[in-house]
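First structure 1, then structure 2: two forms of the same chain, each alone, as structure tokens.
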Structure 1
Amino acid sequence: MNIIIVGGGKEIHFLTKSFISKGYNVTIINDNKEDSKRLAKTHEKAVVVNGDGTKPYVLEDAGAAYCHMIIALTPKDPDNLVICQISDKMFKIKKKFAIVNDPKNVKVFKKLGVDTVISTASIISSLIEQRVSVDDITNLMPIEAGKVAMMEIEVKEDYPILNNELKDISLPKDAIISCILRKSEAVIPRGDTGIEKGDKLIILSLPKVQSEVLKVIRGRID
């Protein structure tokens, strides 16, 4: 699969590593020359194009004609929409993903043909409404336009789950600990897997149970 990612930020690094590990071909478009140089050094297996992703000729240079999926991650909603529209109309790219800063733009993007639209503001707002503190959450990523949330939580010494086995932790039915990052290793947990101090738990859950999950893990919500 050929994938184009337009934009910058930490998300690009995570996505690029993930896609390359799956054997996909990744091209990054970034409009900052210095950032482009750093990206090229960091991700040697990816192709980095320095240019404005809203310009058709830049997308063409990046191989949009042979692209299967494009992800628009720029900080400007109008730019992300333009990128997706050009990708659809000119290059017939089937899968289009976009980040929006203004939640009101989600419906607009979808009406205009963007397959998946993710509003980071809506996700954060949802957490606040549930009185969920994000102090101990190092990563929070919405999946499928916010239908599923992925959290990374580091286990501290005062957490009630410390030294417990997974089978003894009563998470809500709509949540699961999918992986444990322990020092330099990734552990796929089983029922008899113990929880140690410093473990980073990768938790998948529905947004509605995030507050319950944190209460079980941390012993408190806020």
Structure 2
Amino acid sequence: MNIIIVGGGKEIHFLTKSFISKGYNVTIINDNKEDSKRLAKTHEKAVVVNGDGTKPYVLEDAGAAYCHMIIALTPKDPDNLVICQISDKMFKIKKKFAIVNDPKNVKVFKKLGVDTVISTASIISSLIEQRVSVDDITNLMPIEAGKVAMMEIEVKEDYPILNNELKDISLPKDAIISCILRKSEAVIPRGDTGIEKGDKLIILSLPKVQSEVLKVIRGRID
């Protein structure tokens, strides 16, 4: 698979390294000469193109016509938008990822036809917020830029749902216990599966019902 990454910064090093280790061909476009040199030195297997990635001829030089995936990672949102649009319209690149710096632009990008928009700021802030408010939740992951939330809760002995069967727990409509991790074993629960102490519940839910879910499971809100 051929991947083009446009931008600079710390993330690009990490992404390049991980893509190369998976055997993908990585081309980096960076508009700063010094940074480009450094990138080329650090990642011997990657191709580095020095130029403005929002210009069609630079993308062409980077082999956009034979590329399967492009990641727009510049610090300027308008640049990321233009990179994705040119990739789509001129080079017909199938997968386009845009990072937005201002979370409000996620909506704007989607309306303008860029499907996969990632807002690092909102992902990080939602992760921190949820971790801070509830410490029994050991793992939390937003899916599809926060449209669905996945959380892992360990059942303590004071939880009201303990020893209940799944069908007797009245979770909100937009939430489901999708998996139970019991003593290093994964159980896909049915209606008659009981909840035991120490179970880790993997819960999928819409973000808006998350606090309601927590209330049902833990019997309290704090």
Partner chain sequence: MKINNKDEYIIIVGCGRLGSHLASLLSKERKSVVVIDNNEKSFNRLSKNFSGFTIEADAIEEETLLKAKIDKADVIVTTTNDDNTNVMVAQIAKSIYKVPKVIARLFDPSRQEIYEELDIDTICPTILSAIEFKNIIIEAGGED
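When a residue number appears, read it as a position in the sequence of structure 1, where counting begins at 1. This structure is a prediction, so every number in the text was calculated from the model and none was measured. Rigid core here is just the name for the largest C-alpha set that superposes within 1.5 Å across the two forms.
Assignment of forms: the chain in structure 2 is the form predicted together with the partner chain, the chain in structure 1 is not. With the core held fixed, the Cα of E212 is displaced between structures 1 and 2 by 2 Å or more. After superposing the rigid core, the C-alpha of K200 moves by 2 Å or more between structures 1 and 2.
Superposition on the rigid core between structures 1 and 2 places the CA atom of V48 less than 2 Å from its counterpart. Overlaying the rigid core between structures 1 and 2 leaves the Cα of G113 displaced by 2.5 angstrom. Superposing the rigid core and comparing between structures 1 and 2 gives a CA shift of 26.0 Å at R190.
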